[in-house]
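Quick setup: the structure tokens below cover two forms of a single protein chain, split into structure 1 and structure 2.
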Structure 1
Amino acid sequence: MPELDLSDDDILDAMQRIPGYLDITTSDFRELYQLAHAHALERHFRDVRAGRLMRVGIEPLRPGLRMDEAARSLARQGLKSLPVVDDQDRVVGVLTETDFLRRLNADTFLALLLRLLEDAASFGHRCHETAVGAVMSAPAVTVPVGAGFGDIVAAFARHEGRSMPVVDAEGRLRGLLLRKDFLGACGGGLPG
């Protein structure tokens, strides 16, 4: 969680708005503020834990799976991305819609539509012959089950996806944390 950086001028301005002599230095105030801020965040977001918010029971993908089967799995589960796991259930990557687009040489969904109009036949072929492992984003950005607010925000900031695999200490898949679930849980805790 980035700290709000209070300058001496910020604090002196606030002090001038309060009549009377305030018996505190700007640096003491800043230190107090930052500690209190961290404490308040901890209180607000105590219940925001990856393990509590993740969706369980999702069916992950295998690296050897064909892309067209992977697409069906994504559609069936109503998700924009799925973790890819090895035989020990360890997360080795994430397959997202963006990975599909990249495989089909399109940057955006609209670009894909346009190309589809031009050259329908080659698309099915590209998906049939390609394995998930060759296209997926790897290594995956994951969060541990115990990750709190700050860890989760930092992890989401490190990649473009809308969800993240939640893993145990051995890197095995435990669930999927969706950005919207995370934001929904934070909404109740955010001050103001």
Structure 2
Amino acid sequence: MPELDLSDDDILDAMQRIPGYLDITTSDFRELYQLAHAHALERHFRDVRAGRLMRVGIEPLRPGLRMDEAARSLARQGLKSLPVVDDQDRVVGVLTETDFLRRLNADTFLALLLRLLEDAASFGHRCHETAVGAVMSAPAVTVPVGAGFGDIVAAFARHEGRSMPVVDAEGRLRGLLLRKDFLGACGGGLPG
């Protein structure tokens, strides 16, 4: 949360509202405010860690999996994207709904639906014959298990996705951090 830029008038107005005598300058007050603000942010966000917020037990995808099977996995797990991992469970990419749209030459799901109604057969071939590794977003933006608030914000700022894989030091998948879970935690309600 950004610190407010307090003017001298703001500070003097606040000081006049406090009964009694205050022996403090506006610069002392500003310094006190900055320290208190930093402390409050640290206290509020200290438990916002990727490992604490991530969802575990997700079933990642493999690069050789066909897109139609990947779509079934996404739907079954109720997610809009899934990490793609190699044989050592290292994250090599992410398959998103946007990747499906791009492969099916559609800008939006509504455009896809309209095209599907017009020519369903052409879509089946694209999904039955295409491997996840050919269309996934790579490299994936990931965060380590111990990532804190600032690192998570920076990672989400690097991509527009709704989730990101959480990895260990070797890049192996440990969980999936959803943007909505992160935002919920920042609003004060840490899960678990």
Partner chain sequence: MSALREYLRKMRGTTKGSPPRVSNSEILWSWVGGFLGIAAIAGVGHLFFTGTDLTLMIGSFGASAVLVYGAVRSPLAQPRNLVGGHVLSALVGVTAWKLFGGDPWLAQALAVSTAIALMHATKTLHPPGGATALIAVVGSDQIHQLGYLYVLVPATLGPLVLLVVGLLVNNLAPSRRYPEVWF
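Residue positions are counted from 1 along structure 1's sequence. In this text the structure is predicted, and so the values were computed from the model without any measurement. Think of the rigid core as the biggest set of C-alphas that the two forms share within 1.5 Å after superposition.
Visitor: Structure 1 or 2: which one is the form predicted on its own?
Guide: Answer 2, the form predicted on its own.
Visitor: Just one of A106, A138, H44, D151 is at a hinge of the rigid motion between structures 1 and 2, so which is it?
Guide: Between the rigid parts, the switch point is H44.
Visitor: Please report, in whole degrees, the rotation of the smaller rigid segment with respect to the larger one between structures 1 and 2.
Guide: After superposing the larger part, the smaller part appears rotated by 18 degrees.
Visitor: Superpose on the rigid core and then read off how far the CA of H37 has moved between structures 1 and 2, in Å.
Guide: With the rigid core fitted, the alpha carbon of H37 is displaced 3.6 Å between structures 1 and 2.
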